[in-house]
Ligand SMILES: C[S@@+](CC[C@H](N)C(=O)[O-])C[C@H]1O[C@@H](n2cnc3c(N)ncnc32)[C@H](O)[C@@H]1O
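The chain below stands alone and is given as structure tokens, in the form predicted on its own.
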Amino acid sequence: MIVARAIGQSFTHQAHYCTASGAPFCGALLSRAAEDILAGGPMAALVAPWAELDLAALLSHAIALRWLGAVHDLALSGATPDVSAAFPRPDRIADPERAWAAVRRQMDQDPSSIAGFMDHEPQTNEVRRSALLIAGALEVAGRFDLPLRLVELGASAGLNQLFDRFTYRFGDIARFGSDTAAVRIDTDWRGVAPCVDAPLRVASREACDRKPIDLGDPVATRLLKAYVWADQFDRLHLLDAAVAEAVRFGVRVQTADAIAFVATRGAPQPGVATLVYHSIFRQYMPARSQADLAQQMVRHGAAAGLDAPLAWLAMEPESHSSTDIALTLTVWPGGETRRLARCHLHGAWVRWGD
């Protein structure tokens, strides 16, 4: 019962966060799921593989978000019409009670349709996070006045490889990018403006993921949409625009482990500023792998020079159980680390210089 309580608490925690972040439909579904776990319903069997984890680990492994993505994917697929009919659309206000009833029936009848989806950690590719990534990249560009060599870890479909091709409105403080860009990102920006006048040039871009999303596969692309909260249509629209841009540009993500990728691709190179970056990725790595990544970056940093600098930009939770996200930048030569900002999980707001 103690184990069930921890899993239920993780779902309740995520429910509160969704509701507070403008996704009340998803919050209501998660609350019903938490109640079902504690009551020993079909949810209890579904989350049993994580029964030995404590609350902090459950939050870190995002078990609640895996389930929420699984049921959204079910709705998007159309394979279960009563689930699809109960989920929200721009022209329809959904009824979470009806949706929960439909999802619960599905878990009773065919739990494998949800369980299989939950085997892998969330494959998010939140495009609005690019507002943080571009701001960090501008810091690096302004400091070294060199073209950037971009190396992204845990890139999913690679949508955020293209952050320099988007247009941004940083609140009422500043703008960056072309007025004709296909992807336009608005962010509630607080604090000083980013260095929008820095000479941002991209020399090359590459990325890795253990299980990259193939944007040529409609089922795989649907998976990306599944992890967007179903009642946040602005995020879904932004994702669609970024996917179309990535397909036009021919974005590629290599299938590789992040540590091995950094070992071979993260070393500084003359004539460019190498920028290794990731967003909401590190929490899914085992503690040993997190330490290995840091050691690898320090090792590469020792070889950096003013003509071959190295920067490490990370948008990550400040602790395993925290929803407080920080943007940090470490630069070599020197190895100085600064927290550039605190921000919303999806990049909806930024407190720069906090």
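For clarity, every value in this text was computed on a predicted model and none was experimentally measured. Heads up: residue numbers just count along the shown sequence, starting at 1.
Only in words, not in the display: the form predicted together with this ligand, which the text now covers.
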Legend entry - His72 within 4.5 Å of this ligand in the predicted bound form, heavy atoms: no
Inset, instruction - Evaluate Ala99 for contact with this ligand in the predicted bound form, applying a 4.5 angstroms cut-off between non-hydrogen atoms, and reply yes or no. - result: no
Inset, instruction - Could you confirm whether Asp164 comes within 4.5 Å of this ligand in the predicted bound form, counting heavy atoms only? - result: no
Legend entry - 4.5 Å heavy atom contact, Arg104 and this ligand in the predicted bound form: no
Legend entry - One residue of Arg143, Arg201, Arg89, Arg210 in contact with this ligand, assessed in the predicted bound form (non-hydrogen atom, 4.5 angstroms): Arg210
Legend entry - Partner-contacting position among Val228, Leu132, Val276, Ala258 - heavy atom within 4.5 Å of this ligand in the predicted bound form: Ala258
Inset, instruction - Would you mind picking out the stretch of 148 to 156, 107 to 115, 175 to 183, 242 to 250 that comes within 4.5 angstroms of this ligand in the predicted bound form, counting non-hydrogen atoms? - result: 148 to 156
Inset, instruction - Pull the contact list for 111 to 128: residues with a heavy atom within 4.5 Å of this ligand in the predicted bound form, in sequence order. - result: His120, Glu121, Pro122, Gln123, Thr124, Asn125, Glu126
